[in-house]
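Single chain ahead, written as C-alpha cells, the form predicted on its own.
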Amino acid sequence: MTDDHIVKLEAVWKVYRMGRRRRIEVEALRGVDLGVARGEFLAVTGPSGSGKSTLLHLMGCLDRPTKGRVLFEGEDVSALRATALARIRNRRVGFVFQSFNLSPTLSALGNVELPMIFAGVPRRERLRRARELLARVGLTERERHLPAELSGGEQQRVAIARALANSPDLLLADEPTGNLDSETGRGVLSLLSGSNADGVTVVVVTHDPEVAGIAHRVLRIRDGRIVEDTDA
C-alpha cells in the first residue's frame, strides 16, 4: 500500500569500507528518515562530504543502504535484485549529473534516444519523443551534434532531455548547475522547474542558493544527518 510519498527512507545508514582489507569505515549517512512527496521540488544542501550524493543515489536505486529501508512508491527496494532495480532506474527515475555523462560517440538525438532503447520503445516513437524533448530544451538545430560540439549548457540541456525520455516519476539532479555560468545555470533551473510544474517530482543536490530559492523545501545535511528541514 502506498502513501503520498514517492520515495521514503527509514532509519537509513550507509557505511563504506575503505583502505587495505576494507578495515576503515566511513559513515556517509547516519540513521536518516526522510519522505519526499509526489510532485515536490526538494533541494538538498550541505558541505562537501556530508552525504548529499549518497542520499541521491539511494533514492534513485543506484545504491543500497547498509541498514534501514528505502521505499519507492511504497515498495521496499532495499533488497530487490539488480535487474529489478535497473528497471526502476530506467523507467521511473531520471538522472542529471554535474558532469553531464553523455555518450561521446552519440549525437544529441542519440543520447536522448538511449534510455528509450533500453526500455524497448519502438524506433519511430523514440525518434518522435527525442525530437520533441530536444525542441522543449531549445536544441532542435543541434540534434545531430556530438557532445564535444556542444557548449556545457547545451550538454546539460541534452542531459535533462535524456533524463525525461521515459517520462519518469522522479527526477534526480546532482549539482546540475555546478559547471555552468550563472546565466546558463538559470536556464537549466527553468527546465527543472518546468518539469516539476508538469508533475515530475524533482530532487536536486546543490551548493547553488538560486536552486534552493526555487525549491518547495530545503534540506541541509551535515556529517550524514539531516540537520535542517524547512519549507520554502
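Start at 1 with the first residue shown and count on from there. All of these numbers come straight from a predicted model, not from anything done at the bench.
Form predicted in complex with a small molecule: not shown, discussed below.
- Within this chain, residue 176 is remote from the site of the small molecule in the model of the complex, having no heavy atom within 4.5 Å.
- When contacts are judged by a 4.5 Å heavy atom cut-off, residue 31 does not count as touching the small molecule in the model of the complex.
- Using a 4.5 angstroms limit between non-hydrogen atoms, residue 182 is distant from the small molecule in the model of the complex.
- Put simply, residue 47 is close to the small molecule in the model of the complex: some heavy atom of it is within 4.5 Å.
- Residues of just one listed stretch (196 to 204, 159 to 167, 53 to 61, 31 to 39) have heavy atoms within 4.5 Å of the small molecule in the model of the complex: 53 to 61.
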